Structures are given as structure tokens and as C-alpha cells.
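Listed next as C-alpha cells is one chain, alone, in the form predicted on its own.
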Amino acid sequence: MKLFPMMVYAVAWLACSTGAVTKPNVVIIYGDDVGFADVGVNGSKMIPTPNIDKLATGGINFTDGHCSASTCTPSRFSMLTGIHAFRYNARILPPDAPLLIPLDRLTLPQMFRQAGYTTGVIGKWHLGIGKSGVKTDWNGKVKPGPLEIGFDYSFLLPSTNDRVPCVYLKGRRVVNLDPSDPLYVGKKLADVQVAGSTQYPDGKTNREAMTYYQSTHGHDNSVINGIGRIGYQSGGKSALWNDETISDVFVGEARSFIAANKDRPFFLYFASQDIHVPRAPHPRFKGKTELGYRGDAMVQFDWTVGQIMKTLRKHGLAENTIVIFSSDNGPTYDDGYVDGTEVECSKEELDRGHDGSGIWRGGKYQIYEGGTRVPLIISWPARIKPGTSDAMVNQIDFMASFADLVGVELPAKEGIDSRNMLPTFLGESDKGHTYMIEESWGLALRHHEWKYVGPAKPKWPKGRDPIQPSLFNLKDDPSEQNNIIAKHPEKAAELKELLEKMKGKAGIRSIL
């Protein structure tokens, strides 16, 4: 596929005093489990988000913007590769999983590097680290990881905050690790019962060790910082993170990365741990909402956005930096901890009057709109005129779109599901996708207001009924309450056939 020539867009880049063209920096601020209506500009009344709202009023707020899947690992995989996660059977990764992204695939950071950018990732990773079939050595060089797939700088929460290991990874080394207290990670307690390493309580047999708050389901393996986790860890006591200061640490790293690269174009993927469980906002944010730890963690995340924007302004970079704010999937409430969320069983999407997905049905883990329709805000003061767009767009298209922007021709076999939506992302077109896949345990296909949902057997949360083939009209029924497949069998058959075609190995870009 031949992309639009670089010269079409280069004229919009700022000129330096020397007359040279300056490429825009690109910063992706990625939330975790942040629903469409968890931000004020999209309807939140109970969670103040002034910094996110300010970003939206200065850029484009997409009301039909999507991540590719309704769970974290698949969405992150797709955004960084331009490939739908189902092609690699990608699911939520367990602790100590190997690197999911193939080393021979072109990635978003590699594409930016080809264009002369310095690339960095700060925050939650959850895409695996290490080689398949080889036990990761957390006491040595931990690889392959972000540095092997295109990032120049990496500071990570290696898995996710409810899973071990509960340490930071800078580059290929665990931060502040004491060699006399070696770090081991495993799925079973027996895997980490190593003499000479700190032993942490097992939540299955020692629930009283969960002093921060109790778990509601799962999250009862190693108890670290008074919080039960998924998976077991021993050792690494000096390297443990403090759950309440993770955001401060990540913001500090972002400030340093921006300052170090202020004189050259950079791409920064900033992946916050907020508002994923265990929600543990800094004490200065506790009590800022009436929604317990979840609402307070969202206020903390809004502060994080404000600090990144403040840093860009400090270095004179705000005008020519593309800032993207979004999330990896829709909202969830009780996701394993007694953390102050209060959701009635009969109204599982409603937390004391707050619905994180707004009018859209469902959230994390679900195939319905609330699972993938997330906040998507794009700001570039030098180029983008503020406004709102109802174009149907997807994070998976960042690969092809930014390749166009920076003048990299995307090979036909790379980013096979990523389509060039640059004019729409920049607000220069109101044309969105005609067809778009949504992914959960199964797949759905959007066609304008029509949505076909294929059959699936949800594995999580437990107890979910199998999903039957369904057809919805989002214009008439935005909350997906009425399955009209019996009334429109021809439309359902048409979308089912196209979905099967789009699942083909060649990728979506080759057929649409």
C-alpha cells in the first residue's frame, strides 16, 4: 500500500529559526481501565478531570474512538504492532510471561526510529519480557523486552500492578535490587521458596496479611505492601515499589525523558497504572471523590496528565507536540479488591450514580461498546483545530497514520490491520471507518450504526453466559439492549461473511 507522500503534511510542521522543518513530538498518554465517561468532557459529573478536559478543548475529542480489544494486553499489542491480537492468540498475560511481540515484526517505536525519533516507554508494560521456554532471570539482564522492539529508553512496571514482580525495571535491570536478596517469580509458591530470599505471606493461607485491603476474588498469592497479588514472588525487598507513589515515580521519569530529548524529535509512550487495580492513590488524592479509591485514582491520573503537559510547556514543546490521551479498554469496578467501589449486583455498571461507560453497554472484558469505546483525545496546537468528531476510529491505526505523517512507507506485510486515518486524526476529514473489528473473547464487526456480534464463551469474569450471535443498531439502540438479528437476518449474514474475510491472514489493510 502506498501512503500519502510526506510532502503533503510536511508543510504543516513548524519551521525553526534556521528555516529547517521540525518534526512534531508524539506523546501517547495511555490510561488503564479508563471508561469513556470517566472523564468530564464525556459526561463524568462525579470525577473532576480538569487537565484531561483542557486537553480535549484544545484538540479533537473523538466520541466514537476505540481501542482494539476490551482487555489490556491485546489492546497494547495491537496499538504497538498495527495487528489485531487475535492473530497471535494474545490474551491477558500471567506473571513472568515471555515477550508477546515477535522480534521480527515492525513496531510503532521502530517506525518512529526510522524517521529519526528518539523513543521511550514509561509505565505499565504487560506485554511480556523474556524468551519463550526460558525462565526469565530477574537478577541479571532481563530481556528481550521494550529495548528489543524499538524503544531507546524504558522504565517499566514489568507486568501490571496486581501481578508480581512488584519492582521497577529500568532498561534491562531491576531498580535497586540487592544481590544478597535475589528475586524469583513464579505461578506457584513452590517456584519461589528459595533459601536466602525474602519470603512474602501467601494470601491463600494468610489473609490477615492483606492489611491495605482484602481481595474479593483471586489476588491472593504473594501479599506485598499489604496487598494480595496474582502470582508469587520472593526476594527483591529493597526493590519493591510503593503502590501509593507509582504515579509520582512515572511522572518523574517522564519529566527527565522530555528534558533529555527536548532538542530532538521524540516519541513517548506513557502507560499509566491508573486506574487499574489495586487502586492505591497517593494520600494527597484520597477523598477527592465520593467514589472511593477508583474515583480518587482517576483524579490522580488527571494530575499526571497535567504534569506531563506542564513539562512540555516548560521546555517550549507544547505547540509542536502531538498528545494523544486514551485507554486500553473500558471501565471495571470490583476487579478483585475491596477498594471502595460500590456496585449493585442488579446495576453492575453503576457506582453510586457514576457509569464509567456512559450510555454504552458493558466495559472491560465485554464485547459491547463500553468495552472498546474509550476516551480518545488528540491535541496538536500547531496543526489541529479544536473540535469534536464522531468519526469511527481506532488506536490500531496509529501505525499506518503516523508512518504517513513522518514519511515512512509501511511494508505490505507489516501493520497488516492498520489503516491510514491521518486526515481524520488531524481533524482535516470527518470520514471514519466504514467497517471496524471489535475484540473481546470473541469478535464483533461495526458497519456505521450496525454491529454484528459473533458467538463467544467469555472466560472472565466467571459465570458469564455464552454470547449468542447478535445484531444491534446503535443509532436506535446505543446501549445494545435489543438483539434484532431475527428481524434483519440478511444484514447479519452480510456482516458475518465480511468478518470472516477480515480475519484472513493477509490483514484488513489488504482488503479494505
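Throughout, we count residues from 1 along the sequence that is shown. Since the model is a prediction, treat every value here as computed from it, not as a measurement.
Heads up, the form predicted in complex with a small molecule isn't pictured, but that's what we're talking about next.
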Next on the checklist: Taking any heavy atom pair closer than or equal to 4.5 Å as contact, tell me whether I92 reaches the small molecule in the predicted bound form.
Outcome noted: yes
Item to check | Contact flag, R361 vs the small molecule in the predicted bound form, heavy atom cut 4.5 Å | outcome: no
Checklist entry - Does D32 reach the small molecule in the predicted bound form if we count a contact as any heavy atom within 4.5 Å? => result yes
Item to check | Contact of T71 with the small molecule in the predicted bound form (heavy atom, 4.5 Å) | outcome: yes
Checklist outcome for this item: The listed residue (P144, G218, G442, P182) that reaches within 4.5 Å of the small molecule in the predicted bound form by any heavy atom is G218
Checklist outcome for this item: the small molecule in the predicted bound form has a heavy atom of only one listed residue within 4.5 Å, and of T160, T311, T304, T289 that residue is T160
Checklist entry - At 4.5 angstroms, heavy atoms only, are I230, D328 and Y365 all close to the small molecule in the predicted bound form? => result yes
Item to check | Segment assignment from 245-253, 370-378, 122-130, 386-394: heavy atom within 4.5 Å of the small molecule in the predicted bound form | outcome: 122-130
